[in-house]
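First, one chain by itself: the form predicted on its own, in C-alpha cells.
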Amino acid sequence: MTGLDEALFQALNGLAGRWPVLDGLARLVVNDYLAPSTLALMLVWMWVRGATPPQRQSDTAAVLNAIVAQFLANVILKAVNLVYFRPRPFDSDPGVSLLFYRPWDSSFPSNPATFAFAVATAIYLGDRRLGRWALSVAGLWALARVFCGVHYPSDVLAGALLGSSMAFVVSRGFSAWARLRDRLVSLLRELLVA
C-alpha cells in the first residue's frame, strides 16, 4: 500500500463514526443490495423502454454488453485473487471505523466496484444520460466501501478500471462478440422478448 492510498483511506474512513446521519447514509449505500438493485433496474428499464426498433436494438445490445462485461471482469478479478490476496483495512489496522460486516475475500480489486463499473460503463456507452446516473451509483457505492472501512481507495480504483475497461472492450472492441450479440438481439426480437 502506498502512502497516498493510506492517507486517502484515513481521510475518508476518519470521517466515519462522527455524524450519525452520515453514517446511516453510508450504511444504506454500502450494503450489498441498494446499488446492485438500482443498476439492475436501470438494465430492466433499458430492456423495455425503447419506442422505436433502432432504440430497442441499441438498448438491448447495451444490456447484453453489461451482462457480458461484468461476467468477464469478474472472471479476471477471481484470477487475480488466486495469485494475490490483500487483507482488508480492518484486518491491518484495529483503529479502522468499520460500519459494515467483515468480508473475508481479498480487498484488491474491489468486487463491488468491478461489478458496478462494468455495468454502469456499459449503460453509459449505450445511453450517456442514463449512464451518468449509473456511474454516479457505482461511484457512490465505491466511495462508501472506503468510508465504511472495507476497502482501500486503490482497491475500488482497480475495480473501477477493470470493470470499465471490460465494458469498453465488450461494447466497442470485441467484434466477435458484437456479431454474436447482434444475432442474439435479432433472435430475441423475433421471439418478442426484446
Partner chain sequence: MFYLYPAYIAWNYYGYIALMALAVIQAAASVSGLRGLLIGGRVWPRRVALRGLAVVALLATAGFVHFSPDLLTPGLAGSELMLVFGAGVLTAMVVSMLAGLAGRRPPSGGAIPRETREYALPAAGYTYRLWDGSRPDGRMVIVLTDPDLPEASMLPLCKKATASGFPCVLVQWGPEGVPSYPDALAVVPMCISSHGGEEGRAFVVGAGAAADLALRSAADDERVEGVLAVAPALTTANLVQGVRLLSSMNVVDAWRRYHSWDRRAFVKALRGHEALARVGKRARVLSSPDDGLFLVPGFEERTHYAGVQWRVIPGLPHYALVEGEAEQWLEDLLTGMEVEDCDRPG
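Numbering follows the first chain given and starts at 1. Here the structure is a predicted model, which means the values were calculated and not measured.
Keep in mind that the form predicted together with the partner chain is not shown, yet the notes after this line are about it.
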At the 4.5 Å heavy atom threshold, is Arg132 in contact with the partner chain in the predicted complex?
no
Does any heavy atom of Gln70 come within 4.5 Å of a heavy atom of the partner chain in the predicted complex?
yes
Is Phe100 part of the interface with the partner chain in the predicted complex - any heavy atom within 4.5 Å?
yes
Exercise: Leu191 in contact with the partner chain in the predicted complex, heavy atom 4.5 Å
yes
Any idea which of 132-140, 46-54, 152-160, 165-173 reaches within 4.5 Å of the partner chain in the predicted complex, heavy atoms considered?
46-54
Listed by sequence position, which residues of 21-47 have a non-hydrogen atom within 4.5 angstroms of the partner chain in the predicted complex?
Arg27, Leu28, Val30, Asn31, Asp32, Tyr33, Leu34, Ser37, Ala40, Leu41, Val44, Trp45
